[in-house]
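Next up is one chain by itself, shown in structure tokens, the form predicted on its own.
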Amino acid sequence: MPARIPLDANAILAATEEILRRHGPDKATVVDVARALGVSHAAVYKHFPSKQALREAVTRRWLDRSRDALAVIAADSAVPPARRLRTWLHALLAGKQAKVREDPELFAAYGILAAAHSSVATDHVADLLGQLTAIIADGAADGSLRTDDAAATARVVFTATAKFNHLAHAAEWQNPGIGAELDEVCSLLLDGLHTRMSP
């Protein structure tokens, strides 16, 4: 059966997102994706060698959408690093809340990959840590944040805020007051960063 639209990786990923939303990650199949595109499942496999590869690609693309918005915040040198750090952490939480609320099936697909230690999950965390490191390095450069190792400090900040970014805590992200709780943690962390090198 001829394809209704040109068959390329983007068309397959878009169709896969819709199939995942409709059926969930446990029931969605490559055959469902092929049927939605009007092609054979073999045609899909020419672009993605396995169901796992397809799931990873669609989840990576889905995660990259929020990553790009966070990258804009991280790179905004017009905003002082301490304020940028707080804004970035709040934006990360808001993005996670939106994903759980608006795209639960794709969030579940991400959870499956994270539990399997997929490179998609590890790359996502590495990218977030890179953004955090850049913010903290900017603060070290202008003297507003004190650290001997921006990357190590970024890992500490990320770990200290795990309740607001790790999917194991997803059920808590919709709790009233979660934003205020994050703000309190941010204040504590920033106080520590301001005074860490003081005698």
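Quantities reported herein were computed from a predicted structural model and do not represent experimental measurements. Sequential numbering from 1, following the sequence displayed.
Same protein, other form: the form predicted in complex with the DNA, not shown, and the subject of what follows.
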property	result
Contact assignment for the DNA in the predicted bound form, among Ala57, Ala154, Val39, Leu167, heavy atom within 4.5 Å	Val39
All of Thr29, Ala43 and Pro49 with a heavy atom within 4.5 Å of the DNA in the predicted bound form	yes
The DNA in the predicted bound form: contacting segment from 129 to 137, 66 to 74, 49 to 57, 157 to 165, heavy atom within 4.5 Å	49 to 57
Exercise: Leu193 in contact with the DNA in the predicted bound form, heavy atom 4.5 Å	no
